[in-house]
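Just one chain is shown here, as structure tokens, and it is the form predicted alone.
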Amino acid sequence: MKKISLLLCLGIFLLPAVNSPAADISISEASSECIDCHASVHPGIVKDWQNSRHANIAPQDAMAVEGPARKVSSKNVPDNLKGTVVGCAECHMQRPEAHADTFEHNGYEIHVVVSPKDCSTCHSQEDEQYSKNLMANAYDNLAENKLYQKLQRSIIGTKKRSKGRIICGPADEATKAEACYYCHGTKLKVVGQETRDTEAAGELEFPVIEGWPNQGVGRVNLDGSLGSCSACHTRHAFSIEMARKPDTCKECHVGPDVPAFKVYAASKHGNIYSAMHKSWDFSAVPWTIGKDFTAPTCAVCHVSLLVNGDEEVVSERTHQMNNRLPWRIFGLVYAHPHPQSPDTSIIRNKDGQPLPTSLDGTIAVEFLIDPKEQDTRRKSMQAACLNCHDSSWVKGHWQRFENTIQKTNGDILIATSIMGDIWQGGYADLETNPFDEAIEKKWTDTWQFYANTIRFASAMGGGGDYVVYANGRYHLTQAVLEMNDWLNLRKKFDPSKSKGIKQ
């Protein structure tokens, strides 16, 4: 036993030091001090950073790269940042005056939350594009839409039973943060200071941040900026490879309301990815179709800079996720052209409701992109498809997909007309909350789960089980039938309420 203990002790002392960047790479004095302490306190964070591109190249060297392979989009970077790698200090000490959470820490002014505006020092184009993205506005698009708030309350709200009814009140902040706002992003606010007794440095003062932790796509940051780069480029590696793999998108797009990942996983593209992705190069910039990968991932279709075998650009890199998308195939209540503005809280339909369509399916034309812009975006998406499929395949796929949009919108129109009769007949309460009764939940299921699943399966898989049985047309048809039977039964036993309802 003594020999074993001695060997263990020797092993601890002889363990190699945490890997450092190459010897010729310069680390700033401030970042070096951070690493000296956090290598023992937070070894996982430090190891992730040391394996990152940030730790192994200085901005001036990254800026020297010419052509599509260049990853730094800013034309200029402050002189004091050019010659050292991007370390702890270069992110957490940027623009201290702009951050409400800036505090003194071991002789430095640092902030806890790194925002897209900090990242824009080197990645200005990505920040500008992302600011035009629906994702960047995901917090306000939910929190500032009174109708969406009613839907949210009916799902995650605090429930009580009163006079034979289930009443859904507002959700508490902790529930909201781990539910809808986990993906949409929270609104951060400094609410005080606290003293923590740390093992490494004794008692230290830290800001108390309401809404933290969070890495949601529309997080409202303490410098007023919107979004979180780490939603896709998880800290502290900030890996291109990670952002390009569909598991990253799966975190928020797994369904049943946005079932993108699960229909992708079951598609032919998903099958190829599952079988072959270990041989693909997810770090190459630009990303060459056929060489670096042989089937699309989420990033291929929506984000990445793609070139063909002749190094001709097929798709420009973008962080405005919808500029290759003509249709928005999920949301309230029908599929519709994409909104013009990333701030969807400003949308009003013809009835004054904050929806992109009215309940009869009429689209709010003045707030949505026009057919010409839809065609531009359609062709942008198809440009990638045409590098693996001939034009007849691509044309046929899109015709089926857009037929699916029309058919599912037609089915939802029937479900919504039934729901309209239920409200008109007084069998459910429209005014208080149109989403909090069982029959209203049945209606919500038709468009939020079933129609969405059908559309995603059509768009990303060209069909399959998710179009039919797995939350597809079978469940949509069943729900419509059940809603119709529910209404007919109420009319039979309470005919006085059915006056004025269309037969």
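All residue numbers refer to positions in the sequence shown, first residue = 1. Worth saying up front: this structure is predicted, and the values here are computed from it rather than measured.
There is another form of the same protein, the form predicted in complex with a small molecule; it is not shown, and what comes next is about it.
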item	value
Candidate stretches 426-434, 172-180, 410-418, 357-365 - the one whose heavy atoms come within 4.5 Å of the small molecule in the predicted bound form	172-180
Interface membership of residue 472, the small molecule in the predicted bound form, 4.5 Å heavy atom rule	no
Contact label in the predicted bound form: residue 38 to the small molecule, heavy atom within 4.5 Å	yes
Contact flag, residue 264 vs the small molecule in the predicted bound form, heavy atom cut 4.5 Å	yes
Partner contact for residue 454 in the predicted bound form: the small molecule, 4.5 angstroms, heavy atom	no
Heavy atom of each of 158, 276 and 443 within 4.5 Å of the small molecule in the predicted bound form	no
Contacting member of 220, 305, 168, 333, with respect to the small molecule in the predicted bound form [4.5 Å, heavy atom]	305
